[in-house]
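Only one chain is given next, in structure tokens, and it is the form predicted on its own.
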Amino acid sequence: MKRIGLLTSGGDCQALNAAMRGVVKTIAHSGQPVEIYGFLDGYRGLIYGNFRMLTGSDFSGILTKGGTILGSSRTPFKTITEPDENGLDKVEAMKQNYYKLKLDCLVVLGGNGSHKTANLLSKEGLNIVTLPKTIDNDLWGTDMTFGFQSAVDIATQAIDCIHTTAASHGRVFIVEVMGHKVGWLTLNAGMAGGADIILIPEIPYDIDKVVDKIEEREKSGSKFTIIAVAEGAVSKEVAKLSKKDRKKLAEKPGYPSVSYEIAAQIQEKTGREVRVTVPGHTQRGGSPCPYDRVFATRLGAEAGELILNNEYGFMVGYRNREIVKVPLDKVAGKLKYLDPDATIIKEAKLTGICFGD
């Protein structure tokens, strides 16, 4: 009998359910008797012992369902070793709930912060297997995360829809795409949607270069410009500041986001009408695209096999078009940034896309 714990941690995204389904169906198909304990609302459920027993019927019909049937929450790693408001030792509580249920393994579906906690629990002696979830595609050790492609599709559709109204009115349109620290989502959606300018955190922008591109397009007969901006995009001036000074700057009253600041600067320098569109959390919602359904199922199946083989302490990742197992301590605490010299950036520039540098 295998006794497996499941939890989904951090922000939700598409294909969480598909990935859990892949794990459970693989173990069940092996003929191994299994009990599944689903912890509710991420690590919070593991800390406070909130769970429910899951049966095969819970995993029927969820391949195409977005969100997570277990619920999720953000439990910051930086406070995970601190007692809660009632003095409860959160790490010890998670360990005790794991042992009370006599679990053979805990499967964690999460992003960067979730993997830090998963690695901590692994070092504390718990059997852990993780799956790489995030629309940002910023997890170290894997070329792809599930949820990313679905988010690219949604952000691209937003840019596609903006194109027609931008062309009709001859306006500059900014579409703000999710991504505080990395630009994978903005880059891919921007290229797929035919954006003229793409601004990402890894390449600090010069607003004058952005304006030059808009004016260049106008001179060539293009009366509109589409700009895809990552929510974490930074100007060259801000990029030179220390972390402390950046934090102070962010705390000052100002624009709702960097996109509105860029819009105001463009209007001031060109007199052009600029509009900002923010798809926001729609990028994390809805049904997973076919790619993510297949990808999450594959990752889940490999996780199930690791459990059957009693191989723990790994994230199931994807490298060079193959599913691989990556030691948790190689993943935790690392972000996969976009290299400004990456070939995809070079190729985007070859087609005339401006990155503001």
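Start at 1 and count along the sequence shown; that's the residue number. All values derive from a computational prediction rather than experimental measurement.
There is another form of the same protein, the form predicted in complex with a small molecule; it is not shown, and what comes next is about it.
For this session: Indicate whether Asp153 is a 4.5 Å heavy atom neighbour of the small molecule in the model of the complex.
Result: No - in the model of the complex, heavy atoms of Asp153 and the small molecule never come within 4.5 Å of each other.
Problem set entry | Partner proximity in the model of the complex: Gly110 to the small molecule, non-hydrogen atom cutoff 4.5 Å | No.
Exercise. Is there any non-hydrogen atom of Gly179 lying within 4.5 Å of the small molecule in the model of the complex?
Worked result: Because a heavy atom of Gly179 falls inside 4.5 Å of the small molecule in the model of the complex, the answer is yes.
Exercise. Closest heavy atom of Asn119 to the small molecule in the model of the complex, within 4.5 Å or not?
Worked result: Contact check for Asn119: no, nothing within 4.5 Å of the small molecule in the model of the complex.
Exercise. Okay, which stretch from 81-89, 135-143, 168-176, 211-219 lines the small molecule in the model of the complex, with non-hydrogen atoms inside 4.5 Å?
Worked result: It is 135-143 that comes within 4.5 Å of the partner.
Exercise. Using a 4.5 Å cut on heavy atoms, which of Lys236, Arg284, Arg272, His163 is close to the small molecule in the model of the complex?
Worked result: Of the candidates Lys236, Arg284, Arg272, His163, Arg284 is the one lying within 4.5 Å of the small molecule in the model of the complex.
Exercise. Of the residues Glu202, Glu231, Glu261, Asp104, which one places a heavy atom within 4.5 Å of the small molecule in the model of the complex?
Worked result: The residue from Glu202, Glu231, Glu261, Asp104 that makes the contact is Glu231.
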